[in-house]
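Heads up, the chain below is alone and in the form predicted alone; it's given as structure tokens.
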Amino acid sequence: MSESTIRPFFWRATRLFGEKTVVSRTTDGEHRYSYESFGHRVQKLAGALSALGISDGDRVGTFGWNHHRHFEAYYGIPLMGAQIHTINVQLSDDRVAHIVEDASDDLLLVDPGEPLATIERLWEDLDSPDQVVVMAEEVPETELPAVGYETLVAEAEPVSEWPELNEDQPAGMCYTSGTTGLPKGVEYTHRMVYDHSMMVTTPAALGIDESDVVLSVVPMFHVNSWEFPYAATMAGARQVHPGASPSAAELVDLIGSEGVTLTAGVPTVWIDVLDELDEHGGDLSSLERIVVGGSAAPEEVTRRYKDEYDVTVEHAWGMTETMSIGAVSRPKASMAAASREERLAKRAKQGLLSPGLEMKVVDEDGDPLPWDGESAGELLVRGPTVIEEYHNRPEANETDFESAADGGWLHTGDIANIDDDGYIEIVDRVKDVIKSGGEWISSIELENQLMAHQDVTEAAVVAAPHERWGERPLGFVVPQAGADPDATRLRESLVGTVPKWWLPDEIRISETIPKTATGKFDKQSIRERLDQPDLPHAPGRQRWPIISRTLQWPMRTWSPGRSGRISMGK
């Protein structure tokens, strides 16, 4: 039997740090218990699932937010030899149906409220699963074959001894967001979870230890919540789970009341937290670091957290296919004497590759490019936490993965450069770069510059077909509250900041910009609606910053011939 499984993580937390607390917000109110109590409930959950017919090799889908019941499922399911499959609760009905059917889930654990309502709408069209467990104190009125989580756990016989586990057997599963087609299934073995958790806890990555209090804002349905439920548990750190769609006020309250030292989430969360602090105040005295991914936080946000609250914002890069975090950006020790601006410039990049991974940037012929901070090509990575194939997608496997004989590299779909210190800088996505008259235009850089305008809160730039030039950039902006920007003047504001031939032929003012279920701008949807005078509106008004910094990107002969990849938060 190999011990490169999640079992040692569970043993270490419950036996060596049994007194440490796990706190969560749920629909039933706040819940607080120790790692020791967590361990007992995980054993009872495994016993309950076994009584429902779940056994070795089965797949259990979860459809919920961040709370202690979902946390228990992270351990109870894979420890009994089954596979946990986390499903994004913010996806459209058709995507949820595709994912559940493609994964052939045997059972679903579902949150009450909208997640349960989604499954009710889809149930008649699903061939699998056979039963639903509602993760709440009581089961709301429903026609589904549903049972309550707490009833199951209360009545179950706990597992007295865990079965023998093989490090190569599946432990988890997550689907990409499907921004360029149907979502693709990504499976993680026990060994991959073990390796990635070890990687994340090292000082070279996130450096989590038992003195930390970790607030996981990254949804548990998204890429193992960036590995925090496993890494923080292994470290013996206290954990705080904020529940469904936590508001900025709730996050500020949890940070202050629980003494949170480390947290992580997409940049829009931390911009909203700053707004909350500006308006109502709050206590961030315990907080040391915020890890952001999916897109980089605007430089002003990073500066404000450091200057006003002594909190460091650290950028991370990763993908569903790399088990989330694959790089973290912080200055090397050799940069101790560097100026504040130089250190901030390093932090603005996507960072240094995590231990265990290798990378290279290649041109359209697959030849490596120099690490000079300028030469841009597709980023390729490989290592023990990088998947080698998709579930049920042979056509994608042929284009996105190189064989072992060719080095076993994953084509990330990210266009990047690497500087002479080894820091990655993502300059665009293969599917989003614009080719105009044979030259390349960075959509991200144009978005950065538009976002820097005082009257703009969001900006997205896509390629529009052009009879003469092939493609030309078309911009969409959402105004700041109370602002009334003029499209012509916005375009003029770009003069001198980007090459003249980069200037968008048109900029449209829109109330909202469509977003994917993980909060990224849905450029595929935008491209499909270019002939409409305005973009379709999403409910509410979401603020979602794009990378805010100046990029130096000499245009190399790069042809985006590979399929896209889903990064953290994409």
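These numbers were taken from a predicted model, which means no experiment stands behind them. Residue positions are given as counts along the sequence shown, with the first one as 1.
The discussion below concerns the form predicted in complex with adenosine monophosphate (AMP), not included here.
Contact here is defined as any heavy atom lying within 4.5 Å of adenosine monophosphate (AMP) in the predicted bound form, and by that definition each of A316, T412 and W440 is a contact residue. Using a 4.5 Å cutoff between non-hydrogen atoms, R472 does not count as a contact of adenosine monophosphate (AMP) in the predicted bound form. Residue contact check for H190: none of its heavy atoms lie within 4.5 Å of adenosine monophosphate (AMP) in the predicted bound form. Proximity of G76 to adenosine monophosphate (AMP) in the predicted bound form: non-hydrogen atoms within 4.5 Å are absent; the residue sits far from the partner. Using a 4.5 Å cutoff between non-hydrogen atoms, E321 counts as a contact of adenosine monophosphate (AMP) in the predicted bound form. Screening H453, K431, R491, R343 for any heavy atom within 4.5 Å of adenosine monophosphate (AMP) in the predicted bound form leaves a single hit, K431.
A single residue from the set G172, P129, G294, G236 has any heavy atom within 4.5 angstroms of adenosine monophosphate (AMP) in the predicted bound form; that residue is G294. Heavy atoms within 4.5 Å of adenosine monophosphate (AMP) in the predicted bound form are found in exactly one of 423-431, 116-124, 354-362, 200-208, that being 423-431. The gap between the Cα atoms of E471 and T412 is smaller in the predicted bound form, by no less than 3 Å, than in this form.
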